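First come two forms of one protein chain, each written alone as structure tokens, so that there is a structure 1 and a structure 2.
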Structure 1
């Protein structure tokens, strides 16, 4: 009987924690670091401040967990968006577009708020740097696999990294205004160049 009671309680606790983390990401993306207080996050998650503090006693605890959550979600978004496709220009276009969407979306906006805050907060920077390095490594590896690229060829590693760097820069441009049309034009041109590079190695 005790086990049966404990399991639903644990499920509810996990669900509440998940709602708080998702709300923290939404707040970071929409109102930034300074506007993302525990009270604001709790209200958005539909839980009391007391319940939020039960899971995350301090703001630092909440956003430390949110940093890890954002990291996991960004990697999973990319993994889900990059299935194995037949080689050729269509595959390259799909991969480049998927990466562009990742950097134009809410998860990148939330991560960017953390970068800005970490630039002037040593404690936060110590937490953000290794997680951001992990996103970089995994995004690079997933992109290599999705493109079917062989990094033993000269210039391929740099071309993959340029794809990620370009998408990140376009994501920054999208932060203040809707840059969708320009992003699509730029990514289309880059897809042509990248396809040509990969085709010479096929």
Structure 2
């Protein structure tokens, strides 16, 4: 077969894969790990079960790939938006708010289901560990860039990490109820402390 035929097939395959991955994140966030199977995701994505299993032989493969894929998409999108960030003191507030919203959303809810399932499932844990490390690294690197933080100064690396750990804790508090108002107040207080930290070093 020539290029003209092969190319569209690869595109179709890539599109199918992307639909499955996006549906897998939706599924995890909505029905949790126990109810999330390759079949359920295939149906949600409008893909045959056979095609889904061709792309992802196991449930663990599908859901870890889904969190990785949607995280990469999100990081790429946010990195592209970095040049549009406001300058000056508004920047820290803007970045902290954006991080808070990210961990209050669907991707975090889905990842939380996977992490917590992995705590008592050794097979899943083996696949989630490198994913957790990668997602954590990407979130940290993006936050450093967004804040324009210089990690060579003492305490700056820890302050950036605290921002992300705080956002994850707030994400957890937003799991069962809408915690938006309280989250904004807590993040406003943290922004003051973080701005002071970054300013003394500028």
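Bear in mind that the values here come from a model prediction, so they are computed numbers and not experimental data. C-alpha atoms forming the largest set that superposes within 1.5 Å between two forms make up the rigid core. Positions refer to the first chain, counted from 1.
By the stated condition, namely the form predicted together with a further copy of the same chain, the second structure is the one that fits. Once both forms are overlaid on the rigid core, the distance between the two CA positions of residue 53 between the two structures is 2 angstroms or more. With the core held fixed, the Cα of residue 40 is displaced between the two structures by 2 Å or more. Comparing the forms between the two structures on their rigid core, the Cα displacement of residue 188 stays under 2 Å.
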